[in-house]
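Below: one protein chain in two forms, given as structure tokens, structure 1 then structure 2.
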Structure 1
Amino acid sequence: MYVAVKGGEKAIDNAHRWLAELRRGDQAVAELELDQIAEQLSLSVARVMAEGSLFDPRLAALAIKQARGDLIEAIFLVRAFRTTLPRFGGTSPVNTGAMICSRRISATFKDIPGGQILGPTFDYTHRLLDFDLAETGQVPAAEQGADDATAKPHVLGLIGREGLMQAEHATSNDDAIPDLTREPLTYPADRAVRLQALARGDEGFILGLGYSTQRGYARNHAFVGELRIGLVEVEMDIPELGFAITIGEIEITECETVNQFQGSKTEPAQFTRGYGLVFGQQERKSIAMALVDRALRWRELGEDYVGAPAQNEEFVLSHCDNIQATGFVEHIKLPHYVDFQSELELIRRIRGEAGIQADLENGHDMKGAAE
């Protein structure tokens, strides 16, 4: 018989104490400090901030430490904390054209205004373990060059000036854009809502969908028109002053992909774009986001629906959130004793009825054989 495991509050308290002990690890090893996590695990911090919908490197570092490095658990902690914060206003749209870039590349044009900036990237590393890091952690001294703090124009503006890129129309009223962190997701969702969902969606899920579009599960062969990483100023309108003031700066990654478009009855043949923008240095996520964004635009562009997962708005948006996915997947490990007992009794009854019927049939067969 299935017997419920007992323990109650005392068992839960002991589990919490054990968790805290494992989180701290060997007491002889120096404890991780938040500055170490924020500075040396900055890519993990960026993901937690993006999917937690809160830009605060130190808070994300705390969440990573508390979660023992489980990034989804850390994202859950950040989102939970975010709900406690008062909201005192909204900021103006950031001007990514004024970004001070630490990395800026284009796969569509070799020579671009302002030049390409390779920046910090794993793209050209040998993917070999560097055992020197296990010893000293020292980094080689880099050559000092002049810092270029000038803003770089968007590369796709080059195509736009020729009329070859579909124009993006700004929303006349920013207040009309729903806030996905405060309002439930409804279908059909407009592009602004879809981009919000993708920006805070699980990186692995978005990456898988983006990869699928490149393998033929959507008509979505794309080029990276521009990928840029850098700092942008965040401004806020102050009614008493009558103008906007800068309240800080954040690091973001922005990606614009270029996709061919054959045209329609109302639109000429031209290029269209996919768009991705996330907190911190997250180029893989931003590229994948741009691919999925473009795949989801099939209806507004008058393209055919080919049944690809990345084209299915409800499938993508309903399953990209890792906190919702975690809740549904992990809840099945919690007690379901009553549900299971009912299933157990049902199976026993079915088997019993089938067994009786089999015995009756076997009895008839044996009687016939005896006669």
Structure 2
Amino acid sequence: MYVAVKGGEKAIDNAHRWLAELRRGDQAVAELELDQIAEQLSLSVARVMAEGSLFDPRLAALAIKQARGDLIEAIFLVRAFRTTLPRFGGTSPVNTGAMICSRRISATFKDIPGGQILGPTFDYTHRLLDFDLAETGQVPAAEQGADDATAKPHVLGLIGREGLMQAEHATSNDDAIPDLTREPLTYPADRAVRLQALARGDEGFILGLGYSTQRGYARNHAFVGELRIGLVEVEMDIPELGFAITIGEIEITECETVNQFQGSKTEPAQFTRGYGLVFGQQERKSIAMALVDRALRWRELGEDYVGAPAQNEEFVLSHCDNIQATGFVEHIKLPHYVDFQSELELIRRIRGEAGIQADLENGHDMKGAAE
């Protein structure tokens, strides 16, 4: 006898309990604390904050713990939390020129005012597994230089002084800057919207697109004019006070690329810019973002659309969000009995009719042959 499957509620409860048990793992092993995640998995935390569009290392650490280390799941948790937060208003533009840099490099000049700062990078580590890390132990302290809190000029600004760098349009009205999380995305999208989408877009997707531009799919001849990582202050205008106050300090990575630009009859040749800015230390993402930003600017810069994916604004923006992507890709595991049944019925009908037709035709042929 057939009994329809019941008990969805019980199944869900049991699944959740099992999941919680697996998340904790062997109880004989010490439980992860949020501080440990925030301190020792800080690059994961940075990615979760960036793609979750919420700067809060502790919440990101909690999300990573709850998600069993699945970063996209953690980003999702942060996003869903973010949605419930009231919006107080917009901050003043962050002044990255005043950044206290922990790392600052330029690939275009050997030396720059303020100096190159190698900083904490994997760049020149030899990727050899460090078996000492398998054991816990003390790390020798790095040599401490003198504190350098002086503002460092942007390298692209220095090039710009010579008129070689195309100036960016200043947006005077902050209210005119759209908020991707509060307004539906429509095309063509403003550069501000594109940059927002790229900043919270999936690192892997943006990386692949950026890479594709280097391999010739809308190549834009990028040099890393400057990559800087460090702390900036976030300020907000308080109308009741009549002035801006600092509401916090965040770590960000900023990448500005210098790209070739063919001048026109009316405009002498100038370099153009690709721009990447991400929460935390995320060099890979910020460089890739700058490449994609630059590729998406083909229309305003009068370049040819060569049909490259990285140039296609609608393609990039509608597919770069990993929460949207993972939801829709994974949703096909949900029940689709009803739609599938309708296709089954249709294909049987078509095959059935085709079969009758084939029989008729065969019969006709045989008859014809006999004649």
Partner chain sequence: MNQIMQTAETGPSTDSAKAAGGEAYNFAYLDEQTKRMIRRALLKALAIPGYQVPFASREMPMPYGWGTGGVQVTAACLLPDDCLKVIDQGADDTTNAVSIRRFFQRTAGVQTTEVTGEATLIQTRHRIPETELVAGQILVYQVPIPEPLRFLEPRETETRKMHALEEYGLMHVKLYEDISQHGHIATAYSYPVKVEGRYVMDPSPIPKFDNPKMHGSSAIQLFGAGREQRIYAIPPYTRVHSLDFDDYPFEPMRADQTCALCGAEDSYLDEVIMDDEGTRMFVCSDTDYCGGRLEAGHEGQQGDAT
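For residue numbers, the reference is structure 1: its sequence is counted from 1. The structure displayed is predicted, hence computed values, not measured ones. Under this definition, the rigid core comprises the largest set of C-alpha atoms superposing within 1.5 Å between the forms.
Enquirer: Would you indicate whether the form predicted on its own is structure 1 or structure 2?
Expert: Looking at both, the form predicted on its own is number 1.
Enquirer: Taking the rigid core as the reference frame, is the Cα of residue 215 displaced by 2 Å or more between structure 1 and structure 2?
Expert: After core superposition, the displacement of the residue 215 C-alpha between structure 1 and structure 2 stays below 2 Å, so no.
Enquirer: So that I can tell if residue 265 moves, could you say whether its C-alpha shifts by at least 2 Å between structure 1 and structure 2 after the core superposition?
Expert: True for residue 265: a C-alpha shift of 2 Å or more.
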